[in-house]
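Just one chain is shown here, as structure tokens, and it is the form predicted on its own.
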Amino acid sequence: MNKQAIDALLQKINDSATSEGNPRTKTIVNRIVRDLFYTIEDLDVTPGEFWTALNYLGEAGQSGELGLLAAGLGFEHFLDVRLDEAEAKAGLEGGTPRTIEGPLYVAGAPESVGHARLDDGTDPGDTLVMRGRVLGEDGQPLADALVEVWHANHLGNYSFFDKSQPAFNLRRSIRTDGEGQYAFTSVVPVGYSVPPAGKTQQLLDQLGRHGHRPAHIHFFVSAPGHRKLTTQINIDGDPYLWDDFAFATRDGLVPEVKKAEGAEGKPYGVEGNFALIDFDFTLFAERADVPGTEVERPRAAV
């Protein structure tokens, strides 16, 4: 079929509507269907290939891996870049870079003020202290900001999804103190991969790509009157630091990991040697002329 014939078929499908429907939904769905019709025609996609793809998506949904696919195919990163562009056009530049949320956040983590311990003492690895401030774009500290933090254990697994871990292991919410400071102790995370026998790796194999992620720590950072920040920091020295299958590593999100000991650890109840990361988050004030940063999507909760 040529594109004229495809467009005529699409018009026939659109004309079958018996009610107005939702104009936005119609515009998006019709565009997707048109582009897929063109793809099937241009690449001579066979019925067998079409149904293989459709069944694959159904199986990926049943296995809970659609979130991994969204990251691995670059959709989450693409959405971040579009939001970056919208902010830059509005003159918002210089804050902490955003990067992907991923599919493994869990709402309801225990909240503390100033400092929290993420691990329960059973996770192997080097002790980590991460500390810093939450600042406004004017450089002033933001008291009572909320820093939500989560990361994987030494096997690359996240609590809640991994039922062998205690509830909220390696997950906490921290309110900044009066000087905008936050801190937490944990263990230095390690990199991990998507499930080797899962649907995401199955597609990545077909694309000739790996499914590895560098060691990283996730954050939501929010404060009244400010744009919510979704980001993560990566652990310097990881072999996949700049080769993340999810395209989440960005300049400005690879802080130095320093070696520390002694008195520096005492405020956090840490003795001996430990790894230390100093990192400040900078938030933009809320604006009505740019897209919002509070993303509505299904998330786990306890």
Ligand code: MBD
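Please read all numbers here as calculations on a predicted model, not as lab measurements. Position 1 is the first residue in the sequence shown; the rest follow in order.
The same protein has a further form, the form predicted together with 3-methylcatechol (MBD), not shown here; the description that follows concerns it.
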Only hit among Phe37, Phe274, Phe245, Tyr268 for heavy atom within 4.5 Å of 3-methylcatechol (MBD) in the model of the complex is Phe245
If we test each of Leu135, Ala116, Leu203, Leu104 for a heavy atom within 4.5 Å of 3-methylcatechol (MBD) in the model of the complex, the one that passes is Leu104
In contact with 3-methylcatechol (MBD) in the model of the complex (heavy atoms, 4.5 Å), from 165-173, 79-87, 123-131, 214-222, is stretch 214-222
Any chance Ile233 has a heavy atom within 4.5 Å of 3-methylcatechol (MBD) in the model of the complex?
no
Is Tyr182 a contact residue for 3-methylcatechol (MBD) in the model of the complex, using a 4.5 Å heavy atom cut-off? no
* Asked: Is Phe160 one of the residues lying within 4.5 Å of 3-methylcatechol (MBD) in the model of the complex, judged by heavy atom distances?
  -> no
TODO: Would you check, heavy atoms only and a 4.5 Å threshold, whether Ala71 touches 3-methylcatechol (MBD) in the model of the complex?
DONE: yes
